[in-house]
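Encoded as structure tokens, the following chain is the form predicted alone, with no partner shown.
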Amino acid sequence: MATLEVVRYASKTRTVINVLTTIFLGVFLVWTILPFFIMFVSSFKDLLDAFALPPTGDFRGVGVFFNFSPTFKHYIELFTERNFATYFMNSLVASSGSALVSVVLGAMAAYAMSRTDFRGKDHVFFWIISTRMAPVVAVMVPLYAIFRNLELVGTLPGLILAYTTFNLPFAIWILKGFFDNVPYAIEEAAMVDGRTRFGAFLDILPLAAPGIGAFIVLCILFSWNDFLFASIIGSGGAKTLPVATRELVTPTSIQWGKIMAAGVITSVPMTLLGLLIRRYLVTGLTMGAVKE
């Protein structure tokens, strides 16, 4: 019996679209990665090597960029002279502390919003997320006045509380979708077996673990990269890496080598964190996207 072979011919339009898509993705990839690559390489250059230019008429500038003797002096000076070890710990404690507080309080509030019905529930939920929509600058002055009266300015607890102010509404909004996706029958079965409401809540937490983990990562990223709260609420004893990096620019000089090294120190931990848990991050973010 003869077999029927189907031959598909790609249209010229589809071929052109594929080529243009490939070119666009290549340009976008280079545009995205190139600044980080330049920052990383420049952090190991001396000042003269960083600003070296090719001879007049020589268009092989790439060779000049890689022609240098690597040095670690910028990193050494940051940790020995600029106290970057303390600033690194401040960033780590403030971002992790805010993520922990936000996820604990946010999970309980999101569970309550997901499992209970009351009059004005939609209005309350919109009010919660609307506090996240307000720009930070709009509330910075009253927040600073409150924190100053409570003697929290320049302290790590104050910085954690400031980050939580904006991370908590985001936590409630995100985690509610995760709890909506968990079947209520699981909690009913647990309560029939004698579990309390809080015990049933603890039982379903492992089911929402990917979503909770995804939010923790996002919360850490938001807090780690923050500059405004850290420069105002955390000024003094709770200085973080972004603020310390900004201070490398002075009216008399710009310490380019140290700035590049500080950029690497600030960006590498979060990049590694995202790469390590990227699979769980995608799973968590899509967990509450579709209701069963």
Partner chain sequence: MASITINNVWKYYGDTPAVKDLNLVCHDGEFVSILGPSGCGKSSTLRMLAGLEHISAGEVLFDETKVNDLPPKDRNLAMVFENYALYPHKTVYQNMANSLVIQKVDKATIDEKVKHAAELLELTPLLNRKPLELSGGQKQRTAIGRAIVREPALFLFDEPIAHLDAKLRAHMRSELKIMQRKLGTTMIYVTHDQLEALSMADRIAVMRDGVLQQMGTPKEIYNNPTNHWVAGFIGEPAMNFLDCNLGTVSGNTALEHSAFSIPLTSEQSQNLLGSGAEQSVTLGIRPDDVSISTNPSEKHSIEGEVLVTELLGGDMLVEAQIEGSRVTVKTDPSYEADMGDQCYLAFDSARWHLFDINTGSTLF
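Predicted model only: the values in this text are computed from it and were never measured. Numbering follows the first chain given and starts at 1.
As for the form predicted in complex with the partner chain, it is not shown, yet the points below apply to it.
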(message) Since only the chain is shown here, I'm wondering whether Met89 would be in contact with the partner chain in the predicted bound form (any heavy atom pair within 4.5 Å).
(response) no
(request) Would you check, heavy atoms only and a 4.5 Å threshold, whether Glu77 touches the partner chain in the predicted bound form? (result) no
(message) Can you tell me whether Arg195 touches the partner chain? I mean in the predicted bound form, with a 4.5 angstroms heavy atom cut-off.
(response) yes
(request) Answer with yes or no whether Leu207 is in contact with the partner chain in the predicted bound form, where contact means some heavy atom within 4.5 Å. (result) yes
(request) With the partner chain left out of view, choose which of Ala190, Val103, Val93, Val153 has a non-hydrogen atom within 4.5 angstroms of it in the predicted bound form. (result) Ala190
(message) Only counting heavy atoms and a 4.5 Å limit, does any residue of 85-120 reach the partner chain in the predicted bound form, and if so which ones?
(response) none
